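Presented as structure tokens, the chain that follows is alone, the form predicted on its own.
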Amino acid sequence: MITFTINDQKVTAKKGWTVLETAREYGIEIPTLCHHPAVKPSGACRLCMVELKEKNWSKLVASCIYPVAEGINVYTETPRVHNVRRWILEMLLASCPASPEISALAQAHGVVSTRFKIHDPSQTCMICGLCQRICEEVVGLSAIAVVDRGVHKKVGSPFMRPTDVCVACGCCLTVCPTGAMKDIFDTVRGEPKMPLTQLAM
């Protein structure tokens, strides 16, 4: 077992755990959007930043991908952490301004507006790639892809053509942190090879 502290509280973790996993084991809240325990962490949203302190130095790390180590001192609620979370939430408000989930999360952290330019007021997708990872790692398919680069990056099917690789399992809808997959889903899924039947309620 590895022993370290979170907010001056002594904690122990198994080798290979991340700071976020350990915090959750102890009921310590760290906000995340792109993290899901069923898939490998990616550190895409950066909302889970925490501060590591040691004597006269400190650094910010993404807790979902930072491995635990003996004797480290982790802080989840410092002014520096709050500042970077507000920056990230402002950027998310600009990149997916139509997402009620992002708006609510931002307001919960005291962020009600953004200083960054909004390119698409109707956008709800934050392009965290969680839908792609759940499709590949849990369902075992590659029906979803993150395509293009930079400001043109978006989620869709490979080559942006509806694909019959999608089995309409809905896992991507379930894990999407902003609800954006509801609008993207029908552009990913091709025409089913057999008619889908409504399940009895």
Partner chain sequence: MHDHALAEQSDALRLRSLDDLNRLRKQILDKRDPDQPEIVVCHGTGCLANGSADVSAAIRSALDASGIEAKVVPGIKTTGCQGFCSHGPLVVIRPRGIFYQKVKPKDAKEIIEKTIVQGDVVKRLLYKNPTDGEKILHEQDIPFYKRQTRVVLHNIGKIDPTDISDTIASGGYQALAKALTTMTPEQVVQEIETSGLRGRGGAGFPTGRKWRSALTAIEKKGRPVYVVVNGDEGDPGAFMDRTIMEGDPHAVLEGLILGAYALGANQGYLYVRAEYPLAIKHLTIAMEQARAYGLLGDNILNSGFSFDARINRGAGAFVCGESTALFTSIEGNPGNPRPKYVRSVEEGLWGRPTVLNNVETWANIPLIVNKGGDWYAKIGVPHSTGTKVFSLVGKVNNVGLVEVPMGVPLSTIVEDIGGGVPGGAPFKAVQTGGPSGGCIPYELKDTPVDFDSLTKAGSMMGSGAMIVMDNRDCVVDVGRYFLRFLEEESCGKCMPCRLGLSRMREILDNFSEGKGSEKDIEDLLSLSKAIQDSALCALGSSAPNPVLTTLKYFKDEYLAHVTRQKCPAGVCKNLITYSIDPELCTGCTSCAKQCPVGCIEGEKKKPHAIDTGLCIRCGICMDTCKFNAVNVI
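Take the two forms, superpose them, and find the largest set of C-alpha atoms that agree within 1.5 Å; that set is the rigid core. Keep in mind it's a predicted model, so treat the numbers as computed, not measured. Positions refer to the first chain, counted from 1.
A second form of this protein, the form predicted together with the partner chain, is not displayed here; the remarks below concern that form.
In the predicted complex, none of the heavy atoms of A98 sits within 4.5 Å of a heavy atom of the partner chain. For T163, no non-hydrogen atom is located within 4.5 Å of the partner chain in the predicted complex, even though that partner is not displayed. Taking non-hydrogen atoms only, A62 approaches the partner chain to within 4.5 angstroms in the predicted complex. Taking the partner from the other structure, the partner chain in the predicted complex has no heavy atom within 4.5 Å of any heavy atom of V74. Heavy atoms within 4.5 Å of the partner chain in the predicted complex are found in one stretch of 62 to 70, 24 to 32, 168 to 176, 137 to 145, which is 62 to 70. Contacts with the partner chain in the predicted complex, taken as any heavy atom within 4.5 Å, map within 123 to 142 to M126, I127, C128.
Core-superposed comparison between the shown form and the other one: the Cα of R115 travels 2 Å or more.
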